[in-house]
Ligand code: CP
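Below you'll find only one chain, the form predicted on its own, shown as structure tokens.
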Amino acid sequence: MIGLNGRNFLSTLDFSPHEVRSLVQLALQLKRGETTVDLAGLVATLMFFAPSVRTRISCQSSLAKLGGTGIVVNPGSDAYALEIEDGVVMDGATAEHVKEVAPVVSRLCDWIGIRKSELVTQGSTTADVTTSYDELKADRFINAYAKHATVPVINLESNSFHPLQGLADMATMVEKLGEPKQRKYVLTWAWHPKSLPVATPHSQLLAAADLGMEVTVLRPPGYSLDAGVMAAAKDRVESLGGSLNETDDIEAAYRGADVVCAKSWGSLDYYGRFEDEPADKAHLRKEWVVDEPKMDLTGKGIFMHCLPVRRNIVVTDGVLDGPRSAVVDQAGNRLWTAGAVFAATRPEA
């Protein structure tokens, strides 16, 4: 095995590009039946503070296929409100402190998975977020849980990262391209009626970087990703012989791309006042949809999206239903990359 036993999986930035690539290789070996893993008797507690379809099912299914068990906890109905602050007088809404919960849950299972993002959306309205991105990006909740847990904590999506999605993207590009190194990858912003988190695009950016690709972040002015994540991705991709650039030139970015990965995200400048963003970005809607003419500029480029996706808003039916769409394969790989993470980080026997 890779030798990551007992380690938290909070961000791929906590691992070397070689370690991340090794996880992808393990996932594909599991998928092809070239290796087996026995997780019999091992249990993961999966805590979903936000809605989930692919992440929840892929984690539970991968554990079941490898002999383990996944127990889903919905904190809104299955658990008490948790406190993470030190020295707080708990006379308010929180009924239990992470200092007790994390070590107790650690006694009862072998991994703890957490999906927790303050930017939660319901219906067509973004939930109230009154905190700046600079405060949210610290991911204080999942880091507090990891500090007090004694088993590996797996990030199922936080404010800053969605590493399981990044691994699935990597596995998909390896399958589709063979060796992705120095192939052209475009992470393009897309218009969306909601103000969505940056966690997924951050991890998708890092996925392409850790494959040593020629990476372009295509976005309108005002929609740059986190500067620290961009700098880390640039260091990693250049160490592997690739490159990273950022642009708002749509035609130049699409031309000759091997992969176009679309994702919507909210402007970091609007955190704490997202009610102002939709009107300011309305003029971008028509220009930033992924359509057939743009994909034709790529030649034979494939289209990727993490799902769920809004048809004819983010991407047209013609692209999504066409032969270049890899979204179903991409989502299906979530099963095997989740399994690889559980297998590689399992506590020492």
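The first residue of the shown sequence is 1; numbering continues from there. Small disclaimer: the values here were computed from a predicted structure and weren't measured.
Although it is not shown, the form predicted in complex with the ligand is what the next lines describe.
With the partner omitted from this view, the residue of 324, 310, 31, 54 that lies near the ligand in the predicted complex is 54 [heavy atom within 4.5 Å]. A heavy atom within 4.5 Å of the ligand in the predicted complex is found for one listed residue only; from 162, 116, 236, 183, this is 162. Using a 4.5 angstroms limit between non-hydrogen atoms, residue 46 is distant from the ligand in the predicted complex. Although the partner is absent here, residue 306 lies within 4.5 Å of the ligand in the predicted complex, judged by heavy atoms.
Considering the ligand in the predicted complex, the lone stretch of 249 to 257, 162 to 170, 86 to 94, 134 to 142 in range is 162 to 170 [heavy atom distance within 4.5 Å].
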